[in-house]
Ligand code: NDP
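Just the one chain here, the form predicted alone, laid out as structure tokens.
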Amino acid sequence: MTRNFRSELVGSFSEGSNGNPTVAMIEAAFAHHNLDWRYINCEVTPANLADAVKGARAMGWRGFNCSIPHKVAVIEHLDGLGESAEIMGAVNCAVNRDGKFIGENTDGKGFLKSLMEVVDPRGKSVVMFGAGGAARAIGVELALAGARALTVVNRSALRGEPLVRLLNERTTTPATLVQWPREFAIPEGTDIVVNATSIGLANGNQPLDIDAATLKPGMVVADVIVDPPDTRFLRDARTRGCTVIDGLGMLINQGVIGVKYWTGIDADPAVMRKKLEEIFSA
């Protein structure tokens, strides 16, 4: 007997999308919650991005994620932007709201949700390493959440200055730039330390160039790296009595937020974490 039904569709637009763990994570959530939905991973070149968005509209998709190099270029093909996406000028999640695709950015939101499970950043002093896309998203969300001050530590002043300027001009959180010296010392009074660089990706033993002795008990230390999730940076921080947050939390909460945007349900993060741990331990 043939069963006639139409699954709701969401998807991902990326280049080189093979092996995307987000697909497995979100499909696991759909299955766990008995949702007749599919998350489809599509390789889309920059030249075909406009047609891909048109196709999503034509097929009635409930939304989609997009990754580099589409996070900025996709904006001109959308109908509006959420607050943080508008500030940072980048979108990684589109949501179909009453027939209009609205661009959101769940990168920073996923990090913030993960952080809030441990500490509220309101009134806290933050040191963040990096000034790329992840740092931009995290910095904006921390500022919107009321962080007292944010120090951006980056090798390149040329890349760090635009992020600091954005935070100072578009949010109420004062931001300063430090050009990363060797063995950077975490300042006294720092509450939250974030590695938003790619250091440690695929090499969990690669150290961050900091003076590890300046990591103090009471600090919350977070890393955005998911593969492997237990980085040298987090191990050093744990040894010194810090509370640590791995990159899986950020990725999982991006998925939780995306599923909420698209379906309206609160997905079980434990189901997503289990799936990711299976993938990254394989």
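Residue positions are given as counts along the sequence shown, with the first one as 1. Note that this is a predicted model, so its numbers are computed, not measured.
Same protein, other form: the form predicted together with this ligand, not shown, and the subject of what follows.
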Partner contact check in the model of the complex: of 181-189, 115-123, 74-82, 198-206, the stretch with a heavy atom within 4.5 Å of this ligand is 198-206
With the cut-off set at 4.5 Å between non-hydrogen atoms, does residue 133 touch this ligand in the model of the complex?
yes
Quick one: is residue 156 in contact with this ligand in the model of the complex, heavy atoms, 4.5 Å cut-off?
yes
Heavy atom to heavy atom, is residue 68 within 4.5 Å of this ligand in the model of the complex?
yes
Does the 4.5 Å heavy atom contact test between residue 244 and this ligand in the model of the complex come out positive?
no
Interface check vs this ligand in the model of the complex: of 221, 257, 226, 56, the one with a heavy atom inside 4.5 Å is 226
Listed residue that, although this ligand is not shown, lies within 4.5 Å of it in the model of the complex (heavy atoms), from 44, 26, 251, 234
251
